[in-house]
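Just the one chain here, laid out as structure tokens, in the form predicted on its own.
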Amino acid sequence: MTATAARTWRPPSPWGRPWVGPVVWTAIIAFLVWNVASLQVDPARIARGFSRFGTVAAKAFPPSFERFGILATGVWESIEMATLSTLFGVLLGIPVAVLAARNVVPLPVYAGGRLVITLARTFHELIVAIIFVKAVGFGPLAGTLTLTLNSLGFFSKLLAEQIETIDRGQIEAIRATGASRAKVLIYGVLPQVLPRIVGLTIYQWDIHLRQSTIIGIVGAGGIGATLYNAFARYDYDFALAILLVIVAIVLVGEAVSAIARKRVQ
């Protein structure tokens, strides 16, 4: 009796009912098929696209670095945008992170701080860049404002979460001396999260260096704007040179970021 039961036993279905699993998988497959049909994923169209890509690639080789001055200007703009936006984002992000940490502020203040972070993280940087381009015009100013807002949301969220995990014993000890709230933050919170602030700053600069090459496509300055103009003029050889420079920028930024993080740790 026991041996028979052992041979016929089956593990319980993770769906609760045996028929739920097939129904769920059928619905998922049907949804994927509907997506393919609605998005017009046509093999013939894809094949034509690869053929056109081959034509563009043939016109892009060899890359042209004749307009090196324009390249250098775009690269320098991207570096400036990444650096300034990181600086402004950190300066704004530290107080917002404190306001969004539940263990150091009252609940109403915490809710307000989290609301600011949520709003700053709501929209993609390209959407924000379009808005700032409409507001302040084309150029690196729009890009700097875009990346600053992006940095505010990213930096504040991670730093606030770090503040919420710090040792409360040190905070309570400083409070017991009758210290003001500002001194509690300076002597009880800041020393515990300072390495995290430095690490996040370096990481944020690395991210902004990459993002600055993207938002320029919508007119927010940097090397991305140079790339967009090259494609608009069908200067594919110059566009390839710009793409190679962008790859070099990202690699150098990654190396600098890695070295800086090692020194901080």
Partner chain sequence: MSTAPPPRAWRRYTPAQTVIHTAARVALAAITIWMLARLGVTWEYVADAPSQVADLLGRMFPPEWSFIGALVDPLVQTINIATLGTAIAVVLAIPIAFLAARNTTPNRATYGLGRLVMVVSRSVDTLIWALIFIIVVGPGSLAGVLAVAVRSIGFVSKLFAEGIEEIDAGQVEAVAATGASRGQTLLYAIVPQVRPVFTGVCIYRWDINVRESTVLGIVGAGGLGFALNEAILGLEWSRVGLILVVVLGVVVISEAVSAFLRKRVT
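Take the two forms, find the largest set of C-alpha atoms that superpose within 1.5 Å, and that set is the rigid core. These figures come from a predicted structure and were not determined experimentally. Positions refer to the first chain, counted from 1.
Note that the form predicted in complex with the partner chain isn't included here; everything after this is about it.
Interface membership of residue 175, defined by any non-hydrogen atom within 4.5 Å of the partner chain in the predicted complex, is ruled out. Heavy atoms of residue 30 never reach within 4.5 Å of the partner chain in the predicted complex, leaving it off the interface. The shortest heavy atom separation between residue 243 and the partner chain in the predicted complex is within 4.5 Å. Shown alone here, residue 43 lies farther than 4.5 Å from the partner chain in the predicted complex, counting heavy atoms only. Residue-level contacts in the predicted complex: of 70, 198, 60, 217, one residue has a heavy atom within 4.5 Å of the partner chain, and it is 217. Residue in contact with the partner chain in the predicted complex (any heavy atom within 4.5 Å), chosen from 109, 186, 131, 116: 131. Shown here without the partner chain, the chain has 76, 80, 83, 84, 87, 88 in 61 to 98 lying with a heavy atom within 4.5 Å of that partner in the predicted complex.
Fitting the two forms on the rigid core leaves the C-alpha of residue 61 displaced by under 2 angstroms between the shown form and the other one.
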